[in-house]
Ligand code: HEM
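Here we start with a single chain on its own, the form predicted on its own, put down as structure tokens.
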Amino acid sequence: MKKEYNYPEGYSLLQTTLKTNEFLKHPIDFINKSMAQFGDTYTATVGANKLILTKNPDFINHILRTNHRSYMRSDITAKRGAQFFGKGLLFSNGEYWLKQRRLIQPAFHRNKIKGLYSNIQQTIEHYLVDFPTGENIDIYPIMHDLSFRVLIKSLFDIELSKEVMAELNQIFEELSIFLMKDVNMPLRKLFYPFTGEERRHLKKGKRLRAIIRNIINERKSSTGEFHDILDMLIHSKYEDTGEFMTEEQLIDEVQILISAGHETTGNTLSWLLYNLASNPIKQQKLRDAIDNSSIDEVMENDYLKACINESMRLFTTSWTSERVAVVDDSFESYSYPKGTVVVPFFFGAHRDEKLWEDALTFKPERFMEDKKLAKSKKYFPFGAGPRMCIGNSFALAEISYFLFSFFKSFTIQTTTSSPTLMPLLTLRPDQVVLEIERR
């Protein structure tokens, strides 16, 4: 006898099919409209499978924290992502993921990251020397480039040539865009044998591995001392065997760190500057807070932290995620079988008027008034649970040091141009055009 399940309300297979183009063109608008119709959780039918989308923080915590052992990354993203970026933390599951997470986690402990602070500071200070000023400066590509440079310098602590830096940056950008389209538009696969698009991107993936392999081999043959993330990874040992990671595993993890790290931080910095440019009173308040503190105090500057938290709430770079149930499960009145994909809609949870007062307003003071808010179970800037972003401490350090150094030297204002949301693998703006002046 076939078991009956109680799915949330939502779209039938035919309805989902007819609305696919609408979703692909404007996914955030479509999800918001669907939740206005069905509630904070709804179902879409994709083939023989059901997809559950939710902005309910209790449901999100159920799958990411409370009952996380009953879920894993879906093969749709995990296996496909691994083809291009390797089987690192982001695209692995099960025992292998747990083994790698336990091995790598200590390298990203806040006390370890402190050893990289001087690298981060120096890279930012050097970058700001020639920072462009003017009436119409698109800061998105600039923040993207800066974040990439900070991450590469912290990973390798070596000077890569401009050509290698540019090639790495371009390959990561092209592979990320291809993967997003590949996952969200499965019918594209039918045309790959004719267009050669998949073959070209797999070739780029091999080139990426070759560049990183060369860097790792040069490091291993060096007799010098290094204090970077690569050094920590090379010398990390598995507890059970005492062995080091293989070269292929090192390449996998480095690729994931670069891919996930620079894109999310570059986006976050872009949205932060846009929010502060749009709110001159908040910008001045931040500048006053910075002027009254030193670089050594920046990580504990309450108003600076509040601005970061509030911007990550409004423009959550990791705007969504996905988990597939490995066993039958239920939440409140809902029940669903093994194989159901559940999609946490972080962007929606962070802008829900039922959860946040003045939800669409940039209001850093909310994180000053309630110091526990940044760790509350309705706030997911880095995800949640065991698979929470491993590089969160590093990202916060980079963002904090940038804000401190930038607003010591510059003021910003908005222009007539407003950024458009581009929800790809991460939530990026199409552009952020600001007026920038030196103080």
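Residue indices: 1-based, along the sequence shown. If you're wondering where the values come from, they're calculated on a predicted model, not measured in any experiment.
Omitted from view is the form predicted in complex with the ligand, to which the following refers.
Although the partner is absent here, Ala395 sits close enough that one of its heavy atoms falls within 4.5 Å of the ligand in the predicted complex. In the predicted complex, the ligand stays beyond 4.5 Å of every heavy atom belonging to Val46. When contacts are judged by a 4.5 Å heavy atom cut-off, Arg387 counts as touching the ligand in the predicted complex. In the predicted complex, the ligand stays beyond 4.5 Å of every heavy atom belonging to Ser335.
The stretch among 273 to 281, 335 to 343, 84 to 92, 201 to 209 whose residues place heavy atoms within 4.5 Å of the ligand in the predicted complex is 84 to 92. A single residue from the set Ser321, Ser176, Ser236, Asn119 has any heavy atom within 4.5 angstroms of the ligand in the predicted complex; that residue is Ser321. Think of it this way: in the predicted complex, the ligand has a heavy atom of just one of Ile251, Leu304, Met312, Ile152 within 4.5 Å, and the residue is Met312.
When contacts are defined as a non-hydrogen atom within 4.5 Å, all of Ile256, Ala260 and Gly391 contact the ligand in the predicted complex. Contacts of stretch 361 to 386 with the ligand in the predicted complex, defined by any heavy atom lying within 4.5 Å, are made by Pro381, Phe382, Gly383, listed in sequence order.
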